[in-house]
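Before any questions on how it binds or moves, here is one chain, the form predicted on its own, in structure tokens.
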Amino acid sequence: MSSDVFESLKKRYLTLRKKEVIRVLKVQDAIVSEIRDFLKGECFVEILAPIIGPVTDPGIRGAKQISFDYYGARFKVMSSMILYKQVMMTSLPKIFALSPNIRLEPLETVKTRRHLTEFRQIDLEVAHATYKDMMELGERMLCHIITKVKHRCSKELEEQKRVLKVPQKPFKKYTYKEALEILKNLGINVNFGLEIPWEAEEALSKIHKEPFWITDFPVEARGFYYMEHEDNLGILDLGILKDFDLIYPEGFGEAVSGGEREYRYNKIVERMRASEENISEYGWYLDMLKAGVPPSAGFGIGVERLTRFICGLENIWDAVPFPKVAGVLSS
């Protein structure tokens, strides 16, 4: 990161006054409003997201969690409310929240220009839904947002010199295996079982002009809470998950991540042990599973990344009023 960018982040109280920043914030307001309108139209109930708790999402791709003493107990700041979404399925069948997340990202993530240590995502979950249901919902939601924001913010987008195209449904779909083959043809080798690295994901994104899905990640690449395929026909290999990522085109990278949830106590414990999780930290979550929870599926979509894509911004820290970037002590 250049020294000029570093200083601008530290002096956000000055850069916030610039017309280009004000323009982006107006677009972001429209984005959040349209997400809410869309989900309300789909009969979702908005809930308040937790900010702290005994445990949080362990599947955060190399970032660190923040732990602190909470009246003598060890609590964590939420890196994702994913476990709490499963709890809500015992109460309401369709929920969403504007969820704040804190992740201490490695310093090198600054180079991706799409990582923040503090960000917000719309987290949603639907009882008795499949991962394919959620992909269809995600496509409709993104198309709705782009259509409405293009109309509401035509002046701001024109001043931004951003020409937005509403994507064609259905979006293209690749399995994880197929994505690795495409990368191999691009001269990028990714070992099977690993998350697709940021630079490889960006390379895939750059060769597309429309959003696309990557599905069916291997168990080793994701958290313990995703459901595995149980295919007796031999179509899918063992250890493949019912999950997905949605990737923006033009090099903007990951937009959405989600899938079906594992909800069976014995399976969750088995997966926790395989990934060497500290099972004792998940007492309330495992008690919830023992009491019974319906199957569900859901996803999260980052508000700042969506703003970056819609506005065509080079840097994600330009898509939030008070950016927190790895290694930068900003206000």
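Keep in mind that what you see is a predicted model, and the values were worked out from it rather than measured. One-based numbering along the sequence shown.
Beyond the structure shown, there is the form predicted in complex with a small molecule, which is absent from this document and is the topic of what follows.
Only one of the listed residues (253, 138, 211, 258) places a non-hydrogen atom within 4.5 angstroms of the small molecule in the predicted bound form, and that residue is 258.
The contact residue chosen from 131, 225, 248, 96 relative to the small molecule in the predicted bound form is 225, the criterion being a non-hydrogen atom within 4.5 angstroms.
From the list 295-303, 64-72, 265-273, 45-53, the contact stretch for the small molecule in the predicted bound form under a 4.5 Å heavy atom rule is 295-303. Annotation: in the predicted bound form, residues 28, 37 and 148 none come within 4.5 Å of the small molecule through any heavy atom. For residue 86, no non-hydrogen atom is located within 4.5 Å of the small molecule in the predicted bound form, even though that partner is not displayed. Residue contact with the small molecule in the predicted bound form: residue 103 places a heavy atom within 4.5 Å of it. For the chain shown alone, residue 57 is a contact residue for the small molecule in the predicted bound form, at least one non-hydrogen atom being within 4.5 angstroms.
Although the partner is absent here, residue 201 lies well away from the small molecule in the predicted bound form, with no heavy atom inside 4.5 Å.
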